[in-house]
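Given next, in structure tokens, is a single chain: the form predicted alone.
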């Protein structure tokens, strides 16, 4: 197997290196944790947008669903860390199954409008059922349970560093899993559907079935990200499920690079750090975000990661030309 496509080589090693370096290079460990959590959500979105060609505005539904479900079972049922995360994964997958089963019946702009409608519906449901969600106030005092295994406490996760290590481990596992998915026959079929759904259907693939499975996987990972975010904040706000959250996840995916899992780290890092640094300087910092998105779409169609690959290729070709020139002059 080629190192570039091996799930444990190439891109995976770069991702692991970034995970190690982020808490060292960034101003705070909490900021690095937030970036990894949103990188998870962007990675999940990339499975839909980058590999299946589905532009979904429903990611906030799964993110908020994961945050609310994990928070509720920890607050009212005294669930532990792993049980709460599994609950969030199942809820995210179930919501994605419902939304996807209805939305994939249509394609193009009609699919986008359906996911947009579901997103708005989810927001108003969360706002209406305030006894469960806390309404505008959100769910307060969300705990961060200790990591236990067979009754033995491995870490209480109360320190920023300990929680970052846990989130980093989760991200690494999901990243390897996602790499395995996209390099499997299933992932190859998703790319074929993205490129030409009609032809894929003509050769015998049930395209709706494949798109629905991709939707469920994406929803499960996004629900996991939502649960981790609630634990990071000790709070599950209503904003988790609103349309703006779906838009932010989509923007992270596009800026990082669609069709590139590692691009999710760069996209999430760019947006989270931009918000952290600029929001305190200029309240209208979102205008800069808009300009950045336009610039990426126009000049970096492959996103930040695509730009890095392109720059590396150009530098390599220049180096090769210089070597050839020096050989000729000799």
Partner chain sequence: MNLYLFQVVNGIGLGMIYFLISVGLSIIFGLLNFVNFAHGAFYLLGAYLSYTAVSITGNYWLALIVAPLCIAFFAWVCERTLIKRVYHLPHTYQILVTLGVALIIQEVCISIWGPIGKSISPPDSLKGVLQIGDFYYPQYRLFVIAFAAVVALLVWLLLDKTKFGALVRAGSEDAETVSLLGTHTHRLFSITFALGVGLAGLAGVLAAPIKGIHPFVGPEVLGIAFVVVVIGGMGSFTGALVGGLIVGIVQSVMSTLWPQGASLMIYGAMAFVILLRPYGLFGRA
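Residue numbers count along the first chain shown, from 1. Values in this document were obtained by computation on a predicted structure and should not be read as measured data.
Separately, the form predicted in complex with its partner chain exists; it is not shown, and the next lines address it.
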Proximity of residue 273 to its partner chain in the model of the complex, heavy atoms at 4.5 Å: no
Heavy atom of residue 120 within 4.5 Å of its partner chain in the model of the complex: yes
Exercise: residue 29 in contact with its partner chain in the model of the complex, heavy atom 4.5 Å: no
Residue contact check: residue 298 to its partner chain in the model of the complex, 4.5 Å heavy atom: yes
Stretch in contact in the model of the complex with its partner chain, which is absent here, among 88-96, 197-205, 106-114, 174-182 (heavy atoms within 4.5 Å): 106-114
Option touching its partner chain, based on a heavy atom within 4.5 Å in the model of the complex, out of 305, 38, 57, 51: 57
In the model of the complex, the one of 154, 77, 82, 125 near its partner chain [non-hydrogen atom within 4.5 angstroms]: 125
Within 4.5 Å of its partner chain in the model of the complex: residues from 283-314 (heavy atom criterion): 283, 284, 286, 287, 289, 290, 291, 293, 294, 297, 298
